[in-house]
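Before any questions on how it binds or moves, here is one chain, the form predicted on its own, in structure tokens.
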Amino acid sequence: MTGDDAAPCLNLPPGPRFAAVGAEFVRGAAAILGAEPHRGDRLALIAEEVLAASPPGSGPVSLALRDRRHAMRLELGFTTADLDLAGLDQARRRDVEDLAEVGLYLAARLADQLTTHPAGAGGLRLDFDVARSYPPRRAQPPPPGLGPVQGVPVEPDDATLALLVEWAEASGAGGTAFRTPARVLDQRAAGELAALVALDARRRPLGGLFWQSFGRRLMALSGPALLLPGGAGRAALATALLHAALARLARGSIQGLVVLEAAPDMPAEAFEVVGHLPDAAGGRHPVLFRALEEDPGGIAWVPDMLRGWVAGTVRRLGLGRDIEAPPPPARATGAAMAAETDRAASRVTLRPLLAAADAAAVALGNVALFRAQGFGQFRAVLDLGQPSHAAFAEGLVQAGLAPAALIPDAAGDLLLLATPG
């Protein structure tokens, strides 16, 4: 059947008996949506393994496949969150005779990104993303004689946006968001990326700024990618791009802007520094934030070991927060974390998936696992609006991570922890 948003979806009973049915549904839906066969097979295997591992008493499982252009997302929804899904955690030691646990581990490894969300009244949704492959290509550098700037930054057409990314990639400008034109176009077509571009008199791109959703009501800025030579005109172009973005975003419901890794030309004076993150070169760079509306205050659930740092940062930023000690997790075992790996940067980013009293040991095990694989940088993201996330803090600190930045969000501040640079 098909949902209201035209995403192919199906409800099935849990357990091995219907796992193959779910796999064939996902494989067929992926083919209809235009996914490459190998991507459809990965998604089908994920569905099969998770369905097979779901206990019979967990109720019906919903499957939906969404085409995000640059990735295919398989959503698996459960009517209860009281599930044993600890096998999704890559660091957990597993019994080879426990086929359900091994199957969940395989499902997690097949996905490029795995996230969890509350669903309905007490339910849970697992999102497995499998990214599209883009063929390697050689980016062409910008031609000489670009400029000067004509008019104000505009929302570009596809050809102009692709040209900006092509020239930025060849020039090394703007950061990782300005790479692979086809991927950027797919992200924008899926509604996950917005762009502003400055043009010269011949309608050629001179620079651009991107923003994407980050958290609940935040946007992450990337760039600016500037193709003009150095000088006053370059700084003025960066400021014009930022002001144009602020004018657009201030008219919406966005609470604030965050810049995790600012390009050298980002006007940092227009932001607050909310922390610092280490980089691959052994240095540290600032994490920037700009509020677009008044912060209404909220609750931050903070474990004792991080209370001093969070309280000091909250005071420095002038945030209205009630800092509370989180209650212990309801479950004794079964904690799990998701890991996003960036091998080029030798970095792993960890996020809580499911909380339980063994969360500290799970966090410690994840860092040990990826450290043994040669990764040198570690980050973790904890949502202080979710009391359950605090359970992972002890293990992360024991593993050598320390609080690095606090990104304000009244619905749940995001605490970034990282290994020292």
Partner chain sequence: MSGFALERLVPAHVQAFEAYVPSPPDDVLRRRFGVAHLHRLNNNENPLGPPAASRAVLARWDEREAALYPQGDGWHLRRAIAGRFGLDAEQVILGNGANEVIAFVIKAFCEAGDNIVTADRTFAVYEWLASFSGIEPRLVPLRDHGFDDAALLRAIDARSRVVFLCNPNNPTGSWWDHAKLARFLDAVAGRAIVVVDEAYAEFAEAPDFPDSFALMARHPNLIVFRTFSKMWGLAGLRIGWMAAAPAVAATVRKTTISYSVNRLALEAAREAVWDEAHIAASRAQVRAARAGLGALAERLGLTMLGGIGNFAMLRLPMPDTVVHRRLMARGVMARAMTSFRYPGWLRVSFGSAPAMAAFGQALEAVLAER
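In this text the structure is predicted, and so the values were computed from the model without any measurement. Numbering follows the first chain given and starts at 1. Heads up, when I say rigid core I mean the largest set of C-alphas that superpose within 1.5 Å between the two forms.
Below, we refer to the form predicted in complex with its partner chain, which is not included among the displayed structures.
With the partner omitted here, the stretch from 160-168, 345-353, 184-192, 269-277 that lies within 4.5 Å of its partner chain by heavy atoms in the model of the complex is 269-277. The partner is absent here, but in the model of the complex a heavy atom of G297, alone among G297, G308, P148, P229, sits within 4.5 Å of its partner chain. Checking A262, L110, L317, A139 against its partner chain in the model of the complex, a heavy atom within 4.5 Å turns up for just one residue: L317.
Of the heavy atoms in A332, none are within 4.5 Å of its partner chain in the model of the complex. Using a 4.5 angstroms threshold between heavy atoms, A201 stays clear of its partner chain in the model of the complex. The closest non-hydrogen atom of G252 lies within 4.5 Å of its partner chain in the model of the complex. At a distance threshold of 4.5 angstroms between non-hydrogen atoms, R290 is in contact with its partner chain in the model of the complex. Shown here without its partner, the chain carries H243, A247 and D322, all of which come within 4.5 Å of its partner chain in the model of the complex through at least one heavy atom. Fitting the two forms on the rigid core leaves the C-alpha of G252 displaced by at least 2 angstroms between this form and the one not shown.
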